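Read the single chain below, which is given as C-alpha cells and is the form predicted on its own.
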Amino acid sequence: MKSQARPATGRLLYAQSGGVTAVINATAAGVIQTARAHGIKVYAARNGILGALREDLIDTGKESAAAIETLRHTPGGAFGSCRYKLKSLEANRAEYERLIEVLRAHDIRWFLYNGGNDSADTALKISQLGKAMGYDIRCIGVPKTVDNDLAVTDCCPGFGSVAKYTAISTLEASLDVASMADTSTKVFILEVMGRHAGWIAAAAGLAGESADAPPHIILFPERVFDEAAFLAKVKATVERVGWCTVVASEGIRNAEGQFLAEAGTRDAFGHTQLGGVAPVLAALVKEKLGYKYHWALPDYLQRSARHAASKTDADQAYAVGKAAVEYALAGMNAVMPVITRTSDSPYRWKIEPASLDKIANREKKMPAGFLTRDGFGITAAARRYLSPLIQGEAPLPYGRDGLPKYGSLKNVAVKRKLAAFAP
C-alpha cells in the first residue's frame, strides 16, 4: 500500500460490476462528488469493464450537481454493470493491453472498480499490468456485494439493505401465514440469494427472537442439507405453532455436494446457475408431510429495494466511494477501502485501506459460532453482528403520483479515439 506522487494531469475512471444493489449508486455519488471537490474529471465506463474495453465511456462532468446528488437514493447501476470476468494475463493478455491502451488514450490515471471478489481481482491485475507496461495507473477496488462475502471488510455495502429487506419480508409474510394457517397455508418458504455464504438468510433471523417466532427454520450453504432433519423440524413446528416459516439460501447442498437447485448451466463468471431451491423444498413438504404451502422468490426485488434501505448501509456505501478517491489521489494502488467495526454497542465503524491481494478471489462465509447447534437458526453473536447493519431508514423523495423520484442521468458519451475492439 505504498503511496506515489500524484500525477500532474489525468482523469479518473469509475465502473460498476456484477449484480447491482440498492446503494451502489450512493458509492458512485461519493466517488464523483469527492473527485469534483479535488478538481478531478470523472469518466464512467458504460456497462462495467466492457465499457472500458470497448472505449464506451461516459463524461460525468456533463451532469449537474443536483443530478449526481440523486444517485444517493437511486437503486440499480446508473452507468450500467456487467457480468464479465477477465481471464488471466497469460490467457488473454490482449484484453489487458487494450485496457491500458484506452486508459492511456484518455489520460486516465486512476481506475476505481466497484464490485465484489472478481472485480477486486480485475483491479489487482490491471494495477500489475500498468507497472509491467510502464503506464502510471492507480487501481482501487471499491467494495459492493449483497452476499457480504468479501474478505477483510467487516461488512459489504449493499448487504445491510438486503438484510433489512429480508428481515422485514420474513416478518410481514409470517404475519400473513399465521393469519391463514388454520384453514390454509401451513408452510411458507422464502428463498434468498447466497450461493456459498448464508449471510442474507441469516439476516432473516432478525425477524424474531423467541423459540416459536419466525423464521422457524433457516437453511445455510455452510451446512449440509439433511432432508430427514428438515422435515422433522417442519413437522414439529407445525404441530406446536400451527404453521412454519422457512428461509433458504439458494446455494444449499446435499451430502454429495450438489446444489438442491442445480439448473445445469453456468453464468459468465463460471458460477453454477441455480434454478430455485424453494420449489424443491415445497415439493418435499407436500410429498412427505402433506402440508399446504406457498413459496416466494424475491430475486431482484431483494437487492433493488431502495424503499427499505438501511441508513447504515447507505452511509457506508457513500463513505467507501469517498475514501476510494482519497486513497487514489494520495497515490495508493491495489487497495480497497474496507469497513472496520470499532464497537458493537454503540455501533461504530471507520474506513481503512486493505491490500487487494488479501481480498481478491477469497470468500468470507458465516462463522460456525453464528449458527445454532442444530444448524437451523442464528446465535446471539450473529444478532450482535447483524443488527447494527439494518439500523436506520434512508428516506426517499416521493412525487405526486405516490412513487419515489429516482434520478436519471444523461450519460453523455466521450468521443472515441481508438479503433473498435470486441472483447
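One-based numbering along the sequence shown. If you're wondering where the values come from, they're calculated on a predicted model, not measured in any experiment.
If you look for the form predicted together with 6-O-phosphono-beta-D-fructofuranose (F6P), you will not find it shown, but the lines that follow are about it.
A heavy atom within 4.5 Å of 6-O-phosphono-beta-D-fructofuranose (F6P) in the predicted complex is found for one listed residue only; from 72, 233, 85, 195, this is 195. Of the listed positions (404, 19, 407, 10), a single one reaches within 4.5 angstroms of 6-O-phosphono-beta-D-fructofuranose (F6P) by any non-hydrogen atom in the predicted complex, namely 19. Contact with 6-O-phosphono-beta-D-fructofuranose (F6P), judged by heavy atoms within 4.5 Å in the predicted complex, is confined among 139 to 147, 349 to 357, 319 to 327, 174 to 182 to 139 to 147. For residue 164, no non-hydrogen atom is located within 4.5 Å of 6-O-phosphono-beta-D-fructofuranose (F6P) in the predicted complex, even though that partner is not displayed. Remark: residue 250 counts among the residues lining 6-O-phosphono-beta-D-fructofuranose (F6P) in the predicted complex, judged by a heavy atom distance of 4.5 Å or less. Contacts of stretch 296 to 316 with 6-O-phosphono-beta-D-fructofuranose (F6P) in the predicted complex, defined by any heavy atom lying within 4.5 Å, are made by 300, 303, listed in sequence order.
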